[in-house]
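Read the single chain below, which is given as structure tokens and is the form predicted on its own.
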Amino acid sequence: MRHFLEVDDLSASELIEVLDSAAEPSPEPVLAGKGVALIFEKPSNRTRNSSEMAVVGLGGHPISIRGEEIGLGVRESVEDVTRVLARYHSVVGARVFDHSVLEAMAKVNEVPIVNLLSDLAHPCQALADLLTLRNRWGALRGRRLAWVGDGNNVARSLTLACGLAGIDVRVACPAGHELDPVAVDGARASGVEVTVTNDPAGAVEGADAVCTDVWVSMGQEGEQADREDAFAGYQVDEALMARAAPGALFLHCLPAHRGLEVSPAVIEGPASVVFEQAENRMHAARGLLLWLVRKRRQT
């Protein structure tokens, strides 16, 4: 049984297989007559819509379930919920607060478990980011990507994904908000160069793509004032983008707060591919599901 809890659950060659599957114009309807459960402890615009339409694109029936409907680990054990859902569905995806919930689901090992977001990782977003870059660039290997802002779950998964794809990474985060060193070591182990710094200008210099995310994520609203102080100077604006390579792309997983982590001129400008990223969440999810189902059929 293959699960997808973090990007490095895939090998470098398997990552390319998933991206190739995402690009298939007429994918095999491998989920025809089958269900996919999508659990949402945290609400989402892109994740729900992209995941549901990905399932539909493979001929399946998606069922979105709110966290309070099943009460993972409260109303019923995580393991029991997973065993029950496995009797109805071919795949279970979950957007959760605590990554350990996904690990407990995967240990049941009855259907593939997909991480739709956790406090540790956001691997489906990383797939969409790489798909967006590949659509624009063609080959990924040898490119350079800069991350500016919070060293959060999105940054972690993207850094690991870049390692698998052969993209060098520079990560600029303020003190106290650095990227997980496990992700840094994991990407370096893939053979790419990873630079960790507190200097946004240095990170962006000559980069082929510049990425950021919100400074205050869902559940951190009480820290907003402190975080805005900590991230002062980390806004991706026109001056910062001017340091990147000619034709550099700007990425943001959305939702975006214009005037905080990104200036309106950048996110609305010619470098921005943020809405391509949003669309590619659907294509990437479809490619991942297609790959997972095919792998399961081979066992």
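Residue numbers here begin at 1 and follow the sequence given. Everything quoted here is computed from the prediction, not taken from an experiment.
Another form exists, predicted in complex with a small molecule; not displayed. Remarks below refer to it.
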**OP:** Scan A203, I113, V214, V101 and let me know which has any heavy atom within 4.5 Å of the small molecule in the predicted complex.
**Re:** V214
**OP:** Tell me, out of N153, S90, T132, T159, which residue has a non-hydrogen atom within 4.5 angstroms of the small molecule in the predicted complex.
**Re:** N153
**OP:** Name the stretch: of 252-260, 26-34, 234-242, 65-73, exactly one has residues whose heavy atoms fall within 4.5 Å of the small molecule in the predicted complex.
**Re:** 252-260
Original post:
Taking heavy atoms only, is R170 within 4.5 angstroms of the small molecule in the predicted complex?
Top reply: no
**OP:** Although the small molecule is absent from this view, report whether L117 comes within 4.5 Å of it in the predicted complex, heavy atoms only.
**Re:** yes
Subject >> 4.5 angstroms heavy atom contact with the small molecule in the predicted complex for R144 >> reply: no
